[in-house]
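Listed next as structure tokens: two forms of one protein chain, kept apart as structure 1 and structure 2.
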Structure 1
Amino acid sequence: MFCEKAMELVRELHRAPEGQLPAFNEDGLRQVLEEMKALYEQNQSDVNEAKSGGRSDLIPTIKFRHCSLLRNRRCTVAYLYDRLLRIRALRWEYGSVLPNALRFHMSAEEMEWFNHYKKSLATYMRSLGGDEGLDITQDMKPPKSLYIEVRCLKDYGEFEVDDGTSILLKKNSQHFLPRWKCEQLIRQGVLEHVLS
């Protein structure tokens, strides 16, 4: 049946959980495009025949093929667009450097789009907040406090603070530090936020 492959693409993306980017299904896309090409050529010849030969009984077939072509287009565009939205969310979650595994899941064009997006976002952030710019990708939710209490889960070594001095992070020592400095380490699992 027509449009099966396109449905496959959409289903695959629908099954992937929110925020995850499955690998770029080049094969599937190629098959859909080939199907669309085949349909288009068949339609082309039939239209010529219907016009010249006056065979009006071909018109429903032509209409049917046209509908499948439109459906295929809609599915592929939805697939590509949804992937772009997911890639955009990755920038907000991971920062400007993506982990390698994710990079392999993107096609070359998606990579290029990601770079453009990064550049736009960076230009925008630089234009805010006076000279230094404002990093709006920190603090997705309004923070409750500027400083948080963290506990060190493993020996990390020295860690630099605002005024240039450093803190020695040893196992089981507790620190009270500005929130934004700790977030990276909390994500890595070196520090643990202590809620008291």
Structure 2
Amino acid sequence: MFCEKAMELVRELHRAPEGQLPAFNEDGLRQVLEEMKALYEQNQSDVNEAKSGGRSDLIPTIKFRHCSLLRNRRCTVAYLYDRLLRIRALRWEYGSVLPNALRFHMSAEEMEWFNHYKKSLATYMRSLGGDEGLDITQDMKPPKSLYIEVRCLKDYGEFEVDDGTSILLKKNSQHFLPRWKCEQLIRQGVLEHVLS
């Protein structure tokens, strides 16, 4: 049926909860593109026949197919654009290293786009705040205190704090650290914030 596959792509993203990335539906996208190619070829032959044979009765069919092509294109672009918005949000939520489960759901082109976005964001952050740059991905919400108590969820190894001291992050150890230093590790699942 016309545009059903394209609509299914959009429905698939709509059903996925916000902040989650469903697996890239390469097969569905290929079917939509094949349908578009078939519609285009049918339209080309009908247009040629209408021009040469003077068959004006084919014009409504040509217009219908053309509208179907436009709808398929809109649905495909909406699917791909929504996925890019979700991937961009994942960069802000998880940092520059995505968990394997999320990377598994991305296509090679989406991974390439993510890497370009990550590099562009890093370049922009280095240009802010003088020599050291400014990490604008930290403190997405204003902090209540500068230091927080954290528990290590897995063995991480040595972690260096601003004053030059190194802390060994071992599983189930608790530490009192600067919020901005450990916020990235909290998002990656290495540390968890201990609420008193």
Partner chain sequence: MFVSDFRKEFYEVVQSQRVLLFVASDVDALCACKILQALFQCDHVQYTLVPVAGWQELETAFLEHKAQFRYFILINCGANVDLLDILQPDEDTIFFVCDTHRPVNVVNVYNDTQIKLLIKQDDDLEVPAYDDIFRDDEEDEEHLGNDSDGSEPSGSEPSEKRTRLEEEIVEQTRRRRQRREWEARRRDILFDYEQYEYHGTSSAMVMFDLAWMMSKDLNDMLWWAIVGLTDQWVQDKITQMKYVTDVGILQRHVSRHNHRNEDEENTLSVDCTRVSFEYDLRLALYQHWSLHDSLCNTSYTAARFKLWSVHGQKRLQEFLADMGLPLKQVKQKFQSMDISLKENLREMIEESATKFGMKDMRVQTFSIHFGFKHKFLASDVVFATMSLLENPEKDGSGTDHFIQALDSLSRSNLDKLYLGLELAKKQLRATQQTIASCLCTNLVISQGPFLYCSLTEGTPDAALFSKPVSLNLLSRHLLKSFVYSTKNRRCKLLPLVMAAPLNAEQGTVTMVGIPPETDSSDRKNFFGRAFEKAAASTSSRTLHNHFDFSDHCLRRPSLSSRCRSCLQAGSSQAQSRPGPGWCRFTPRAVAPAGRSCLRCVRVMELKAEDRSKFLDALVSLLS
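Whichever C-alpha set is largest while still superposing within 1.5 Å between the two forms counts as the rigid core. Given the structure is predicted, the values throughout are model-derived calculations rather than measurements. All residue numbers here follow the sequence of structure 1, with the first residue given the number 1.
Only structure 1 of the pair represents the form predicted together with the partner chain. When the rigid core is held fixed, the Cα atom of R15 travels less than 2 angstroms between structures 1 and 2. The two forms, fitted on the rigid core, differ between structures 1 and 2 by less than 2 Å at the CA of L70.
When two forms of a protein are overlaid on their rigid core, residues whose CA moves 2 Å or more are considered shifted, and G157 is one of them between structures 1 and 2. For Q184, the displacement of the CA atom between structures 1 and 2, after superposition on the rigid core, amounts to 4.8 Å.
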